[in-house]
Every structure is written in structure tokens, then in C-alpha cells.
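First comes one chain, alone, set out as C-alpha cells in the form predicted alone.
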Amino acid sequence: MAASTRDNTGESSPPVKPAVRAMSGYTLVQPDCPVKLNQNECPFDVPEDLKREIMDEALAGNWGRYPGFVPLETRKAIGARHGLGPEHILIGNGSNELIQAVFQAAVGQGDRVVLPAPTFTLYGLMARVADADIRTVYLKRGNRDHDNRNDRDNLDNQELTFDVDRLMEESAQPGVRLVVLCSPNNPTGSMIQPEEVAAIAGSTRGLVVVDEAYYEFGGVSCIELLERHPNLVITRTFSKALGAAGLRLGYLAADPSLAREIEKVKLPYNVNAISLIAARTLIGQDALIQERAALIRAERQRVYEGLRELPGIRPCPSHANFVLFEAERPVAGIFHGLIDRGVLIRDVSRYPMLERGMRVTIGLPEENDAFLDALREVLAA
């Protein structure tokens, strides 16, 4: 019979770590709506001809055999895009798996992990599973004045930005093993500059991960810093601009000596043969990626301006494929009012500092129009 423990109420509970039992877990409300703008997905599918190219190569292979223990050809293809050798690259079942591998390789009980807030909640979850000492550095934000448009314009670039001085201060403390920076940041869309990342990496003895899942929409990368900062890790994903979220593909780039250590804790054969073929095929589609990213950036600006015109709505400038906005009214009424009108966005009001926050993914023009129209109706109701 399986062992069990008793919690403080005397009830029997599974024998798991207290830190895990205390978590609420990573959850997502997913009502069925015609307009789905809640997960930062690409509104464009992988083109049919590329799908067929991928599947033709996959059909020619033997599915009864494991893929190569080291997917060298795919690592070469990804590394070549960044001017790096395959020894710099690891491939994962989504970039989140690789970030988890970094946690497993670097962080133990009581080790310090520095995280900005608000940011992607999965980093904090991984840190709590590791029983780490989380050091939170809140983003900076300026005062808001909804009645003065000029003041709002001046404050745009001051809202929800990385507090680099505090990040450097915390990162330099003894016992820091890991710093995680999402840039552009989810859910705020704010970005940290390479020179700022370099200063943070130079201030700490721990590892610094820069999650560049939304890089294509902001255009600023820290990959060129790898040569000077061997404690730096860059992660990327195929789920956003490349439109392959369903394939669960991601990769990291790091100094080869660091990549070898992280590889020790990565599960063997973690990426299937079809996804490896897809990675080699999609990584070279620069023209397609740039075209799609340009369309999304243009729509992002249009949605942002549309939100600025709505009474009681305050959008934040974004470098990603989404826009965070805050409302003077309670979030729940707006969120469910949009669902009633067939539009699903993300309620982020439980994030630190975002009690009135919502996040909308940039979709196709007609989806963005449906969102703005529905929001106008909800606000007028």
C-alpha cells in the first residue's frame, strides 16, 4: 500500500514535498470562444507546404527507433542561425523544459533565485519546487494621470520597467545561484537592454537566464553577450513568431561548458523525431518570420492606440505580441463580459502590481477588431 502522511487537519495526504503541496499549480481558464487571444499564440499556422516538407521527411524515417541521442543536425541548424557551433545549443520540449533544466542544474534548497515581478509565473513555481529563497525585484512604475493626456504620454516609457539597479544589487548577494529575466517580459511587454543584462551578469556569481520567447516582436537579443559572459543562458521558442506552439519546441544557447552541465539533467530523447525535423525546417524561414512579426507589430500598435482611446483603460507599451492594459473597473466584470461576447483574453489581476490588469494577445486584424468592439460594448454596458 502506498505511503501517506497527514496534514495539519489530520486528513491523509499524498507524500509529496510541503512546498509542492502548498502550491496552487499552473492553471488556465479556457472557455470556448470564437476569438481566442489569451495564450500569446501566433495567429498564423505553419504554411501547408512546410508542413508537407516536414511530414515527407518524417514519413521516410523509422518511427520504431529513437531519434539520435544527440540531435546534432538540428543543433547545427539552430546554432548556424546565431553564428554559434552546435556545442552551444540544447533543444527542448518547449523552452520551459530547458529553463526547468537550468533550475535543476543550478538551484538547491535555500539557494537564492532573483526574479522580477510581475513576470511569467512558471519561474516562481520552479523556484518553489526547488525550495529556493526567492528574492523579488518589483518592476518600476510611474504615477498615473488619466485626465492629462500629455502626462500619460510622458509616463508611457516609465511604467513597468525593469529596476536594473535593484536587480544588480540583489544578484550580487552571496548565495545567488540564478537570475531569470524575461525580455520582452510576460505579461508586461517591457524589455531589458543587452548592456543592462551584461551589467547584471557581471555582478553575480550565479547564472543569468534571459528568456527571449518574444524576441522577434522586440528585435533586441542578448545572444551576442555569450562570448563575454559564460554564466549567461539565452532561451528561445518556436511557439510564438514561428507559429509552432503545438509542436512544443524550444532551445537554449550558452557557453559550451555550461551547456554540457545543463545537458546532464535534461531528459534523454526529450524531443521527438518529427519535432526535430520541424526545427531544422522552420529555423531557416527568416523571410516568413520577419513578415509575420512585422504584421503583428503593426497590429499591436493599432490595438494599443485603440485601447488608449477607451475611457478608464490604460494600456502599457509592449515589445511583445500582446498588450497589457489596466482598467478602472474591476477586472472580473470586463473579463466575463468579453467571454459573453465570444472573446477570450487573459486575466492577470492576480499578478503582483496588476490588480486591474488584463492581457490581450495580438491576433488577426479581424480578431483584434472583434476584441476592441466587444470591449467597447462591455465598457458601455
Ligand SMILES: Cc1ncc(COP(=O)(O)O)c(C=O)c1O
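All residue numbers are counted from 1 along the displayed sequence. None of these values were measured; they are calculated from a predicted model.
There is also a form predicted together with this ligand; it is not shown, and the following applies to it.
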Task: Answer range among 225-233, 132-140, 239-247, 271-279 for contact with this ligand, defined in the predicted bound form as heavy atoms within 4.5 Å - done: 239-247
Open item on the list: Which residue, Gly94, Pro86, Gly124, Gly218, is the contact with this ligand in the predicted bound form, using a 4.5 Å heavy atom cutoff?
Closed with: Gly94
TODO: Tell me, out of Ala253, Leu167, Val303, Ala213, which residue has a non-hydrogen atom within 4.5 angstroms of this ligand in the predicted bound form.
DONE: Ala213
- [ ] State yes only if every one of Thr188, Cys316 and Phe325 has a non-hydrogen atom within 4.5 Å of this ligand in the predicted bound form; otherwise state no.
- [x] no
- [ ] Give a yes or no for Cys182: in the predicted bound form, does one of its heavy atoms lie within 4.5 Å of a heavy atom belonging to this ligand?
- [x] yes
